[in-house]
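Only one chain is given next, in structure tokens, and it is the form predicted alone.
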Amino acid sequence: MVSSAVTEPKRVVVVGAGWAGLGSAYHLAQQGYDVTLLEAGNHPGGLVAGWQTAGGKSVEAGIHGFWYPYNNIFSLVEELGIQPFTPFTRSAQYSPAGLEVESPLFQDMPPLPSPLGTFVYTQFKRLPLADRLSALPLLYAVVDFDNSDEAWRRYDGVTARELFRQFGVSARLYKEAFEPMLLVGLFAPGEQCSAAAALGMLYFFILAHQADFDVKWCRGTVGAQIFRPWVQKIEQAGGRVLSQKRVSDVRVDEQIRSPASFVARRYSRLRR
């Protein structure tokens, strides 16, 4: 005899509606779980999604470029059936004086052995050849840094600025090319980040992944163009997305040593 009892779907609470939280809730809802996604902010996505001023102007935190290796995000927007991005564009680098460096679409260029592709194809707009050539000795450190734990220990004891001085990088090349790169990639000037962190960034872009300079841009805010339709898909699959629900406590079932309930402001309690 076949039982006619219907098994209720397992209930899941996901805390935080950023990229990871939305992704977890989306896939769990698609698999039939009873999912509730809690977000402390006014809307899913938090700071990444941005916000609007009293005058209606959109404000976003951070950089919202989507680079060549972001295959998971490109697959996501295709699955959602949305087109939030521009085509791939060339990367450009600016200093206070204006445009300094422009890179082509590397995926369209014939591949060259690393690091020749980056150095041959990158176009310096104002920097004299002598200053550009002063970067050649630095290639030793870039090649020597293989992103291993030992390499990180070897270069972590000095600052990025000191590394560039040691290898003879000219003051102008540092000021107009490397320092803007550090500020964009590591969010700090060379005096405040380690040589290992700087070499890790250069290793990634120059040696490991030449085409990763190619970038797409969102045609509006990430919140409106990506997160909003993503939330709609979660809700269509049966999930719930609740904003302004900051989790303040997790209560544990001592017998099975797992969360028994979540206490959230303005959403008193969620049983597992």
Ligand SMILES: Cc1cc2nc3c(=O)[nH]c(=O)nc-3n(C[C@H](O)[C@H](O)[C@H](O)COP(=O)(O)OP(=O)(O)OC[C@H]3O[C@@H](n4cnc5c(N)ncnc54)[C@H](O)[C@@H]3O)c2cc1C
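If you're wondering where the values come from, they're calculated on a predicted model, not measured in any experiment. One rule holds for the numbers: they count along the sequence shown, beginning at 1. Just so we're on the same page, rigid core means the largest C-alpha set that superposes within 1.5 Å between forms.
One more form of this protein exists, namely the form predicted in complex with the ligand; it is left out here, but the text below deals with it.
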Would residue 218 show up as a contact with the ligand in the predicted complex if we use heavy atoms at 4.5 Å?
no
Partner proximity in the predicted complex: residue 46 to the ligand, non-hydrogen atom cutoff 4.5 Å
yes
Contact of residue 234 with the ligand in the predicted complex (heavy atom, 4.5 Å)
no
Taking heavy atoms only, is residue 211 within 4.5 angstroms of the ligand in the predicted complex?
no
In the predicted complex, the one of 27, 240, 228, 64 near the ligand [non-hydrogen atom within 4.5 angstroms]
64
So which of 119, 124, 74, 187 gets a non-hydrogen atom within 4.5 Å of the ligand in the predicted complex?
187
Is it true that 20, 38 and 41 each have at least one non-hydrogen atom within 4.5 Å of the ligand in the predicted complex?
yes
Once the core is superposed between the shown form and the other one, does residue 84 show a C-alpha displacement of at least 2 Å?
no
Does residue 187 move its CA by 2 angstroms or more between the shown form and the other one when the core is aligned?
yes
